[in-house]
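Listed next as structure tokens is one chain, alone, in the form predicted alone.
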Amino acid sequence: MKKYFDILHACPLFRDIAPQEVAKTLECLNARISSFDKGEAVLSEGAPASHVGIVMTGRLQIEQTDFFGNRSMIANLIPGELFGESFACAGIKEVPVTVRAAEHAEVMLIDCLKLVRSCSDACPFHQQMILNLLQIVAAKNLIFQQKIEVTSKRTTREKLMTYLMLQARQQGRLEFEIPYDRQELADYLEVERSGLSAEIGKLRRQGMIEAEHRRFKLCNFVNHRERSSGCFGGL
């Protein structure tokens, strides 16, 4: 476990917990490490909501599949990030999404009940961890609100530009890298990949963006934003 301590120290769940207390915390929570190959489900839709996970290495994706088999990408997870915490707080019985390894990954799994309930030993760090958990859930709600803001737009162009502008604002620059490849981005935006590729091509030709793989650049940003204020106002 010691080799993962650097990741845990940066994880918001362990915020304000002394480094020397981390080992005790993991023992109290019955934490364990599991490995997953690319494409393997870490958590499957419909499975019992019994664990909270922390990404230790690799990258995970949260996805949901509708009745017709269409996949929607909800979030991308990197080392130090959590998943399943909202289900733990809500007390739901079954997971409504699938968490899948986008590449080989190692994940720490923590018993939900151990996390959300104070233990019989009244460990001093447990109350701090519960407070941290509530703050994490609140922050995740804001992220999901952003996805709703993006996918509620009517056209592929509006969805893409809203997403790119949000990324630019969050990363503080007009040239940035997104966590998705083209198919994953299409799934996140809930559009067809062919339509997304066509729209990216149009925006390139119009000089609004530069795009290469996962890297994007917003060009002539101010002028285009002013002309598009009807679609993207408030960004």
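Please read all numbers here as calculations on a predicted model, not as lab measurements. Quick note: we count residues from 1 along the sequence shown, nothing fancier.
Missing here is the form predicted in complex with the DNA; even so, the following discussion is about that form.
- Although the DNA is omitted here, in the predicted complex none of K93, D111 and R117 has a heavy atom within 4.5 Å of it.
- Of the listed positions (Q64, S197, S50, Q167), a single one reaches within 4.5 angstroms of the DNA by any non-hydrogen atom in the predicted complex, namely S197.
- This chain lacks the partner; the member of Q171, Q183, Q206, S44 within 4.5 angstroms of the DNA in the predicted complex by a non-hydrogen atom is Q183.
- Proximity of E190 to the DNA in the predicted complex falls within the 4.5 Å heavy atom cutoff.
- At least one heavy atom of T156 is located within 4.5 Å of the DNA in the predicted complex.
- This chain is displayed without the DNA, yet in the predicted complex the stretch 148 to 156 from 124 to 132, 97 to 105, 148 to 156, 76 to 84 comes within 4.5 Å of it by heavy atoms.
- Contacts to the DNA in the predicted complex (heavy atom within 4.5 Å) from stretch 10 to 37: none.
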